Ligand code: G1P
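The form predicted alone is given below as one chain in C-alpha cells.
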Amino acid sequence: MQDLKGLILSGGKGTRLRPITHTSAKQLVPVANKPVLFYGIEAMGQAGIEDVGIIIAPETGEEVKAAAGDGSRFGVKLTYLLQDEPLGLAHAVLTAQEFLSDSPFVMYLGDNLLQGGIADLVAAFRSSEPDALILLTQVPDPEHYGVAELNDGRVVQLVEKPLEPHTDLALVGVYMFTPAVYDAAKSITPSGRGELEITDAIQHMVDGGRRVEPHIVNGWWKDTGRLEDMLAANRLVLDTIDSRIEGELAESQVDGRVVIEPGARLERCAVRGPAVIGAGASLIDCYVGPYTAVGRGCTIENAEVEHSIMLEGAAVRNLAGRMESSLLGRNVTIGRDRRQPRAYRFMVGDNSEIGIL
C-alpha cells in the first residue's frame, strides 16, 4: 500500500459546548492544557503520516491556522482545506479529494481522543488492505452515534444516530479509506439533517461489495463535544501525566502527579494530583483537587477547585464552597464579594449554564 495521507476535521459549530464555542473552535478547547486538535495531529505524526490536511470552517479557520501553524512542531506538514458549510463528513471527504488525490488516507475527527494513538490501526490497514477500516467501541448510549451491525465479523449495516439501535457498537471518530470512498460519497443523498453522512457512504461501499473491515477499540475513546465528555477526557489524559515542577512553590504542598509549568507561583496552597497548573498562573491560599487543569495565566485565590478545566486567564476568588465539575472559558471571573448583603450577581452569555448546589 502506498503512503497514507491524513485528514483531520476541524470544522463544525460546536453547539453542544456553547457558550465556550461562541468565541473559539471546539477543537481548540484544551484537555490537560493542550487543545484537543493537537492530540489528533500528534497521533498522525506518531503513526508515520507526514502529509495531513485539516478541514476548517470559515468562522474558525484562521484561529485553527494560528494555533497549529505549518505542523512542523508536530513532525507533519499541514495543509488547510476550507469547507464552506458543515454539510457532513462525506462532504468533507469530497472537499479534500484534490488534496488526498489517489492516496489511501486516515480521517480523524478533530474533537476526538483515542487512547494509544492510531499507529497499530494504521499498520493493520496497511497489512490487510481493505477498502475501508472503521473503528468501533461499545457505548451505553448508541442512539447518539453512528452504529454498526456485524455478521460473522463483517460490517453489514451502518445507521447514523438510530432511534432504536440494534447494537451498542458506535463508530469511533477515526476512519481509514482507499479512494473508493469518493464514488460512494458522490452516490449518496443528504440525510434528514441535510448532511452527506459518512455512515451512508460506508454503507454504499458495503452494498457495492467493497471490503469494509471493523476494528473493535478496547481502550478508551472520547468525543469531546459535550461538557461531561470534556471533563472525562481531561481526567483520562491527566491519569497519564508525569510530575514536573518548574514553577515556584511558597509554603505550598504538592501530592501525587502534578505538573506546574514555568512562571506559575503557588503561595500557601495544596495541590493534589493528577493536576496541571499552567504557565504564569497565580494560586494563593487555595486547594486544587484531582483531575483539574488550570490554564495559562489563571488565578485562584481563597477557593477550592476540583475536577475542572480553567481556560487561559480565568479567575476564581473567595468562594465559600468548592467549585467542581466545571469548565470556565477564557478570562471568566467567578467570585464572591465580601460585602453585605450576601447575594448572587451574574453577567452570563447566551447558552450558558450555572449550577448552585
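Note that this is a predicted model, so its numbers are computed, not measured. Start at 1 with the first residue shown and count on from there.
What comes next is about the form predicted together with this ligand, which does not appear here.
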item: Non-hydrogen atom within 4.5 Å of this ligand in the model of the complex for each of S10, E42 and V76; value: no
item: Contact segment among 105-113, 271-279, 79-87, 227-235, judged by heavy atoms lying within 4.5 Å of this ligand in the model of the complex; value: 105-113
item: Distance check, R193 to this ligand in the model of the complex, heavy atom within 4.5 Å; value: yes
item: L171, heavy atom within 4.5 angstroms of this ligand in the model of the complex; value: yes
item: Exercise: G247 in contact with this ligand in the model of the complex, heavy atom 4.5 Å; value: no
item: Distance check, W221 to this ligand in the model of the complex, heavy atom within 4.5 Å; value: yes
item: Contact residue in the model of the complex, from E267, E160, E149, E261 (heavy atom within 4.5 Å of this ligand); value: E160
item: Residues of 190-211 having any heavy atom within 4.5 Å of this ligand in the model of the complex, listed in sequence order; value: R193, E197, T199
